[in-house]
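As a starting point, one isolated chain is supplied in C-alpha cells, in the form predicted alone.
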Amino acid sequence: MLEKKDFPTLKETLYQEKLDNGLSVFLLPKDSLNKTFATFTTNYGSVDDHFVPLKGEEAVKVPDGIAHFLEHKMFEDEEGDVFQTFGERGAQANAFTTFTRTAYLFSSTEQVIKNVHTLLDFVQHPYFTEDSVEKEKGIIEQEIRMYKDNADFQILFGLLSEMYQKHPVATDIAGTEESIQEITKDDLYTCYNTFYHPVNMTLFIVGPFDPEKMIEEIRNNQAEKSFDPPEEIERIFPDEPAEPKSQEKQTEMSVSTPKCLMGFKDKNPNRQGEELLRYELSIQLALDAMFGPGSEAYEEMYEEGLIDDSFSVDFTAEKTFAFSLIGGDSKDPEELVARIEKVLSSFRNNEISDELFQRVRKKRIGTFLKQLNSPEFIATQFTRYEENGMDLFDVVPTLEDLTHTDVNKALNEHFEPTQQSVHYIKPKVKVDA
C-alpha cells in the first residue's frame, strides 16, 4: 500500500511502498518540474568484492572492477543497446558505479511511463555472452588507461591507498587492466543474481506525475516477473586497522601545477541512521567553518596565491569506511599542508565559536534548500541516505537541531593528527639528454 509522508517545512510530499518482491519504491511528485528523473539503484558497489553468492555456502572473491563492468554490460540485450530505446523517446539515460552503489537512471519530459518500464525491464533482464564480455574488456581497458593520466583521479586513489591498509575502498572502482581480464560471464551472473534482487534495490522517481497511477504501473510491471526467494547478503570485509597505512606519498605526473590532497581516516566508520547523519553534518559544518569559501583561512590562502578555485573539502561516509579530504592545486604544496595543519590545530585547541557556527549552519541550510530544486540531486542523494538508514528530508531539521558543541566534538574526534595522510603530485622532473 502506498504510504504518504508530508514535509511541510520543505513543502514536499513523499510516497513510498515496499512491493511484494521486496523492491522499495519512492515517489516524489513535483508539479513545478518540467521533467521526470528516475533512478533504479542496487546496494552494490566496488567494495563488495568478497561475499557468499545467492544459494551458495562458500564465500567467493571476485575480480576488482566487476561491479563497474556489470554496469556497462547491463545496457545490452538480445535486441541491441537500450540507450537507443531511450533516445528514440527523447529520454537521456545513464548509469554510475560508486564504492557502495550502482545506479541506472533516465530523465525525460514525455513518455515517462514507457521509460519507467524500460528502466525496470532492462535492469531486471541480464544478458551476457562470452563474446560481448571479451569485447567489453577492451573498452574498459581504454577507460582505465585514460584515468591513469588523470591527476585528480590518481591523487584521490593514491591517498586512499595510503589511508586504507586492507579495505577495498582503496581499489580503483574500474579495477585494473589485469583484474578485468579475469572477469567471466559466469562471474557477472554470480554478482548479478546476488546483488540485483529487488529486495536489495530502490526505485526513486521525482517529477510532475500522478503517484497513484505511477505506483500502479510499477506494481503491474513487477507482478509479471518472478524472482528467487530473497536471502540476506553476507558481505565480507577485512579487519581494517584504525590507523592509516602511511602518512605521506609523492607521485610524479605530467602536471603544470603541483597538487596535494590531505585525508583523515575516521576511526569509527560504522555509524548508521541518525548518529551518522548528525556526525556527517557536524563534520561538514566544521570543514565549512575552517576551510570553506569565505572562511578566514580560505581568503588568506587565496589572496596569497597558495590555493586557487580547485581547492575543496569533502567528507564521505558509508557503512564500512569514512574519510575527509582537503586540498587542491598549489604552487607550494608543502606550505599548503603546513597551513592546513595550523588551522586544524587552532580549531582543535580553541574550538568553533557559536557565532561562526551559526553563520556556516545558515549557509549550509540555504545551499541544501537550493539543491532540492534539482531532481537529479534529490534522486541520486536520496538512495544514498536511505541505504545508510538516513532520510534526505531530515537534513534541515537535523541541522537546526545541531549545536556548536556537537560540531566541536566531531571536529576533535575526526581530525586527529595520527589519522592524517597526505598525497602530493609533482611535475615530472626533466632529465637532460
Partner chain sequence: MIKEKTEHVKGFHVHLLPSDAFKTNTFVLQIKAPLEKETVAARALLANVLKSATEQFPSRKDIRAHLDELYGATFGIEVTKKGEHHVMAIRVEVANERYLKADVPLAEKALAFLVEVIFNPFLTEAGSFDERVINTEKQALKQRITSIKDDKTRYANVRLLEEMCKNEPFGLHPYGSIEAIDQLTADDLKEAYNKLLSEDQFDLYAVGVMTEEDVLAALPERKVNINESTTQSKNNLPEEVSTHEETEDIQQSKLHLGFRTPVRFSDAEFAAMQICNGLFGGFPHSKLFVNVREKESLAYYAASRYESHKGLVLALAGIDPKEYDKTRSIMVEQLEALVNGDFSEEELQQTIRMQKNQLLEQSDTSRGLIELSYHAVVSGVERNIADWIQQLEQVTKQDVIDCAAKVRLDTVYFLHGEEA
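Residue numbers count along the first chain shown, from 1. These figures come from a predicted structure and were not determined experimentally.
Keep in mind the form predicted in complex with the partner chain is missing from the figure; the text below concerns it.
Scanning 278, 197, 89, 167 against the partner chain in the model of the complex with a 4.5 Å heavy atom cut-off leaves one residue, 89. 298 is the sole member of 298, 99, 157, 237 with a non-hydrogen atom within 4.5 Å of the partner chain in the model of the complex. Not displayed here, the partner chain is kept clear of residue 338 by more than 4.5 Å at the level of heavy atoms in the model of the complex. None of the heavy atoms of residue 226 is located within 4.5 Å of the partner chain in the model of the complex. Contact check for residue 428: a heavy atom falls within 4.5 Å of the partner chain in the model of the complex. Though the partner is left out of this view, residue 389 does not reach within 4.5 Å of the partner chain in the model of the complex, counting heavy atoms only. Using a 4.5 angstroms heavy atom cutoff to the partner chain in the model of the complex, all of 32, 139 and 373 count as contacting. The partner is not drawn, yet in the model of the complex one stretch among 278-286, 123-131, 341-349, 301-309 has residues with heavy atoms inside 4.5 Å of the partner chain: 301-309. Contacts to the partner chain in the model of the complex (heavy atom within 4.5 Å) from stretch 233-257: 254, 255, 256, 257.
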